[in-house]
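Just the one chain here, the form predicted on its own, laid out as structure tokens.
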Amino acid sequence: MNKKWWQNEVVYQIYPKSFFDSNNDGIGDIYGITQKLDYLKELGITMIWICPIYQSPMDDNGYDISDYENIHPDFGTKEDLEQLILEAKKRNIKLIMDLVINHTSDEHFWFQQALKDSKSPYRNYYIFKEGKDGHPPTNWRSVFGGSTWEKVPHEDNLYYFHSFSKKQPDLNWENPQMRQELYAMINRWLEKGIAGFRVDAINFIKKDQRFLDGDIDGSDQLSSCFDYCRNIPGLEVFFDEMRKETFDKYDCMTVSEAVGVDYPNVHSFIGEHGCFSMMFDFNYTNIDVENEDVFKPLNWSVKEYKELLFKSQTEIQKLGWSAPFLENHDQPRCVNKLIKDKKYHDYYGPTMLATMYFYLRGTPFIYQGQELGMLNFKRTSIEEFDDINAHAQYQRALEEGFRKEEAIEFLNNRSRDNSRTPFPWKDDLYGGFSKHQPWILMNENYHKINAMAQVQNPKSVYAYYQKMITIRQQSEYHDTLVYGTFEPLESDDEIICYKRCYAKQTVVVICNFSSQKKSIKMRSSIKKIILNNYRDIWFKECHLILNPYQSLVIEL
């Protein structure tokens, strides 16, 4: 295979607003990340991905950018970022940033000029359409609820388009001048010494230019916009151009957010002719909800999850590279989502999940707090939620006939705020995150789950992540766990079992996804036990007996 440097990385995602507050204003910042680099180095990661720190009115916590080349003062300064890049490099830690180019903030200079003057060239940097029969141009529902169209002030029948919030107008990628301005901005960032980008909502940049109404699918009489502005044919043309104008000029790493991409279309994203180094595959991550709506929870089985996970690995393996993950800033905590028996939430559940995903083929991503086994919170009213999408989902749940208590419970299970609570550094006021009340409520269990309690504890989730990373990065199994092929193995419906093979070495990962003991027949002898989240292993005749949520990594 054609080996690339970024296949060797272990990436740690930082939500800067909630990582560490160095100046005690209640908001995490860039210098706070710099101060915690030694913690990350000790964990063993090799790269950090920082969520948006650009200038922004913070309607969507930084994913609404008003200036791509300036830093939001809450996070610090350009000098702070330069220092972070320098200090990270001293520790052999690279840095990638978020690239948000489907939309800008409505406070961006381009959009302000577009509103101000109908003859401005910036009017064509966005998508403006005339309404029809007193209604918006189409009946599409935005990702955050409500129409995708917002009336333009002081113009009788004109609307602008937004896939997400009304304060996030979509850029018009059909305009070559606008695209060139974005490419120039991307290249300026890469010149500063960052290692690359995680690219946000990139499969939304192509819209169905017919702008047809969709089938009504909710009590709001609207139609989901997904069929008209996500994964639309022609997307690959923009991808090809962007790659040639930017990424190909640098030896950088890019990872695309690619929700809802069918595997026959993956070649546009990754592989020899794809735009990006790797992709996040969401085809198995939203197994617990229908159509990404938090108020439509689904009963799922381990068998279904396993089938989706294995399909993801086998399909992506055919032509490119993946970025396995369990959590991110848009997902709830994985332990609550995937470990149904709460009795195993403290150690065995989190470590089994970690083993299950970390040795998949691809570059693994760890989200802040995941290495501590952080859990979801418990809120009692909508006022306690910050996320714009949480408020939109709450409103939609009420419109669909659910009671307030039910709507809150949906959010407690699935809100994006679950992963955005301040990082618990120690059992102190505000968890050592800040000496000031944080911008968002703490997770109430930080007294028990915090970094200080785990860093020196060899039986902690943190220590287990350290071991996993060391095995992948520095052991005799490095080549197999990084470059080896992925092959699913047959097992009980509630056991996830696969092997990685490279040269003459075979490593098998076995994970019991159940609160019951399970057995698996061993067809080959075990040469070595590489990793075990229990103290012992048990055999009966030719069968390996697995404890509840036990995980094993073995060499055959």
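This structure is a prediction, so every number in the text was calculated from the model and none was measured. Don't overthink the numbering: it's just position in the shown sequence, from 1.
A second form of this protein, the form predicted together with a small molecule, is not displayed here; the remarks below concern that form.
No member of the trio K306, L338 and E494 reaches the small molecule in the predicted complex with any non-hydrogen atom inside 4.5 Å. Of the candidate stretches 107 to 115, 359 to 367, 472 to 480, 164 to 172, only 164 to 172 has residues with heavy atoms within 4.5 Å of the small molecule in the predicted complex. Mapping the unseen interface onto this chain, R416 counts among the residues with a heavy atom inside 4.5 Å of the small molecule in the predicted complex.
Contact annotation for F144: at least one heavy atom lies within 4.5 Å of the small molecule in the predicted complex. With a 4.5 Å cutoff on heavy atoms, F513 does not count as touching the small molecule in the predicted complex; it lies far away. The small molecule is not shown here, but in the predicted complex it comes within 4.5 Å of a heavy atom of D60. Contact with the small molecule in the predicted complex, defined as a heavy atom within 4.5 Å, holds for exactly one of E87, E315, D200, D288, namely D200. Note on the partner interface in the predicted complex: the residue among K206, K94, H72, R420 having a heavy atom within 4.5 angstroms of the small molecule is R420.
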